[in-house]
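Okay, so here's just one chain, in structure tokens, the form predicted on its own.
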Amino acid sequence: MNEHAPIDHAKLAESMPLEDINVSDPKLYQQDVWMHYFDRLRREAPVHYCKDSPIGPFWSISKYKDIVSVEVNHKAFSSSSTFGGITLRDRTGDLELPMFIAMDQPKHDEQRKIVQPIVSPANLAKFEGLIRSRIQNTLDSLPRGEAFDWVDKVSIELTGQMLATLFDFPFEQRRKLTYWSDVATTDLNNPDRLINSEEEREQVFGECLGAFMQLWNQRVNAKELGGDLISMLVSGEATRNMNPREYLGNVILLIVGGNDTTRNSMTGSVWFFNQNPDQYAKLRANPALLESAVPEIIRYQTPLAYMRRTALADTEVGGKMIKKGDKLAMWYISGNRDGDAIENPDQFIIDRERPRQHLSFGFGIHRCVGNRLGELQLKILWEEILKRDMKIEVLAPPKRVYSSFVHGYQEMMVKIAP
């Protein structure tokens, strides 16, 4: 038998013992073979217990309706950083990183409310012109007829610019924000990891906190506060007395939330249209379809594969008893491919009747705060691509991120026809 023969994951997922399936293995996402394992779980074990994994035992919730039931039951399922937070790898003790997404009521709502106005309809309307001019400049500066990395030149560039604006962070240093986001989510088992230990991660977090403490002090002493996120945290009753660790946690949350999600949808969209030329032809013929194409891109990509919760009491989900203290993952990436909730879920269809019926933004009180801003950036990007009638050819399958949490791209080489 050839030991280098590629593994047939569709076969393997069907034949391996159910209890051996571990959907938290980052390699499944890096190799883009995750869907086979979830197909089986949704069918045979929608609430599945993995007792052996490098991150300890955990439950997987893979069906749309069960994910929603866990999301809305925040009395039984906690996202608090005290119990490990929102990822399956526990960050407790000295590594605990409090942030409002990793808080329970009432503190969660009190802090979330402070930053919510940054994405109010009025503010989005103000951002629109700025986003458009930056996207125009970025697209017009891309090379024609030669290979380049779309992730670096477009997705990272545009999301970094937006983040710098949201924080009123020094614009020329915006790549630091991308770096801090990548360090926050990097898996230490990744052969291409950015850091080698939790100590090193903490060191980088220290640099990030240093830079953001400077911004905090500037805003505190400013005669008049602006409309940026730091000014909102400085002036908010629920956030103005945060300790430095909590401030760092909220900054990291806003960086990762504003960076990874939009950036990976921007790359995914180009890949999906390359893989589905019929859908691209449909969009070119009728650009008004962007209204439904944007949420479909976000569903099909699912930029964050899951969110974790910890059971506060013995609770039944889908006929299984989850014990107090157990951790579980709500696999949005699987709920978004659940045929009982979404018709033809494995197809990329830009004119779906109910394109917003997806779980990429989560559900309930923790639903993504910046969802409308992410959609706006994606929509304007494609409006401007269509205006220029750009033919973007993907030259090879993209290199994907080694992570079961961030579902994204490291590199995607493309060429634009001159």
Partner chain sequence: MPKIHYVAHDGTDRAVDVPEGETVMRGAILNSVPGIDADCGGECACATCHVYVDAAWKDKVGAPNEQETSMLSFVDSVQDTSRLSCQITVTGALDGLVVHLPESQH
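Note that the structure is predicted; figures quoted are calculated from it, not measured. Numbering follows the first chain given and starts at 1.
The discussion below concerns the form predicted together with its partner chain, not included here.
The partner is not drawn, yet in the predicted complex one stretch among 138-146, 264-272, 113-121, 185-193 has residues with heavy atoms inside 4.5 Å of its partner chain: 113-121.
Residue-level contacts in the predicted complex: of K387, R43, R367, K51, one residue has a heavy atom within 4.5 Å of its partner chain, and it is R367. Residue in contact with its partner chain in the predicted complex (any heavy atom within 4.5 Å), chosen from K75, R175, K324, K126: K75. Although the partner is absent here, I349 lies well away from its partner chain in the predicted complex, with no heavy atom inside 4.5 Å. Though the partner is left out of this view, E316 does not reach within 4.5 Å of its partner chain in the predicted complex, counting heavy atoms only.
Using a 4.5 Å cutoff between non-hydrogen atoms, E202 does not count as a contact of its partner chain in the predicted complex. Mapping the unseen interface onto this chain, Q31 falls outside it, with no heavy atom inside 4.5 Å of its partner chain in the predicted complex. No residue of the trio R132, K153 and F171 has any heavy atom within 4.5 Å of its partner chain in the predicted complex. Along 395-418, a non-hydrogen atom within 4.5 Å of its partner chain in the predicted complex is carried by no residue at all.
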